[in-house]
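Below you will find one chain, with nothing else, as structure tokens; this is the form predicted on its own, and questions on how it binds or moves follow later.
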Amino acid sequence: MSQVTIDRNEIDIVIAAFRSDLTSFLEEWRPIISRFHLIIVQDPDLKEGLKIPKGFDVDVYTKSDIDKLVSASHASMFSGYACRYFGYLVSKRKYIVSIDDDCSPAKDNNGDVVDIVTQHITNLKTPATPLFFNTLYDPYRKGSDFVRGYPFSLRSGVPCVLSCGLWLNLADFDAPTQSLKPELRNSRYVDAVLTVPKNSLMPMSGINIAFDRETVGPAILPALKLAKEGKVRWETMEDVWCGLVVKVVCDHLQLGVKTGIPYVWRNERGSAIDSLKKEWQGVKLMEELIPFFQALKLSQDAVTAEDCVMEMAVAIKKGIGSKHPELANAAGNMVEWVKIWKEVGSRVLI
């Protein structure tokens, strides 16, 4: 397979900041991300100014920037973990690589530091294979190929627009699982990436992802806010909801999603037991959300990510949103997000 070119001018690194002193975090990541442009979005609830070491090409966005761009009634869309989406909104580059400030660079099985930017962009710049499953993982990786019986007519694949990386140490378990198994950690580095098959939904984590902003950016959105949403990952569902939305969009538009490498090392934050009650609403909602999204069909008129999101918002409000006010609110946020996306795309942020 041909070598993928990493063009620094095509890539923004978006970092969600939940603590004021980012010195140690950025120094850990310096060898990997210092040659790229950074967008750091400060959680609007964080009052202290950010401490950022020298030597980075960085733009910092705070609550005042969010308030300039978004109406007061929708500014809460960008609170907590959802502040990262503001970075997606203001970026002007083709690819976004997104990490949070509680992650450190991981090491592979050879002890080498994982370059998440190169691995994510390689995933995005090589095709995905959602229409027929290749049992030898990603056939476009070095040392792999299509297995016997794979139709030659499908070997060109489809464009990959979303790369979902994984975590070492704290895996992406929910609060009930982590509470029952408090010592459970993910220590296995599996050097593999694969395409999520068409019509298979997935719970996306926003902590280590990359995506093609130009193609699917409007579907990477903040929408679902739980009534008891908190400030640690176990207490939120915004990225899981986003994963359901963007996967339906990708399936409809014949686009691909990959999962696997690259890994980050996820550091400890919060208590799963304390978060259990807050997240329980989201855990129960998933039992209803999956059948709804599995049955959701978009029209032939939906030919862009924006079109798909708007159609889905209408279906959600009329369907499952009629029983759950928080889902009706999510549908409203989806509509507002598309409006803001289009507005920002037509002008420069002041």
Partner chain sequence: MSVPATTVTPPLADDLDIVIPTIRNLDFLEQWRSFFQPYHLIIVQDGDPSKTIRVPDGFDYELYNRNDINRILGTKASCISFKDSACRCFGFLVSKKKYIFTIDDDCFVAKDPSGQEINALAQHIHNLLTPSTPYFFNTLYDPYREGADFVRGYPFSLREGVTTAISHGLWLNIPDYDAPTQLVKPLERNSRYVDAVLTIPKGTLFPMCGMNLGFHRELIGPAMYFGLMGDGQPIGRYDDMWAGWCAKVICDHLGLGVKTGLPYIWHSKASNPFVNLKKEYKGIYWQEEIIPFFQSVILPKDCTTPQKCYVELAKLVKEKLGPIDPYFGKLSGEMVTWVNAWNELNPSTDVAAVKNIDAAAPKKK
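Not measured: the values here are computed from a predicted model. Residue numbers count along the first chain shown, from 1.
Below, we refer to the form predicted together with the partner chain, which is not included among the displayed structures.
Note on contacts: among E27, E287, E48, D57, the single residue with a heavy atom within 4.5 Å of the partner chain in the predicted bound form is E287. The partner is absent here, but in the predicted bound form a heavy atom of L194, alone among L194, V90, V113, V158, sits within 4.5 Å of the partner chain.
By the criterion of a heavy atom within 4.5 Å, E268 is excluded from the residues contacting the partner chain in the predicted bound form.
Interface residue remark: A75 is not counted as part of the site for the partner chain in the predicted bound form, having no heavy atom within 4.5 Å. Proximity of T177 to the partner chain in the predicted bound form: non-hydrogen atoms within 4.5 Å are present.
Taking the partner from elsewhere, G143 is found to have a heavy atom lying within 4.5 Å of the partner chain in the predicted bound form. Relative to the partner chain in the predicted bound form, residues W167, A171 and T259 are all within 4.5 Å by at least one heavy atom. Figure note: of the listed segments 90-98, 148-156, 212-220, 248-256, the one touching the partner chain in the predicted bound form, with heavy atoms no more than 4.5 Å away, is 148-156. Residues from 104-141 that approach the partner chain in the predicted bound form with a non-hydrogen atom closer than or equal to 4.5 Å are L131, F132, F133, T135, L136, Y137, R141, in the order they occur in the chain.
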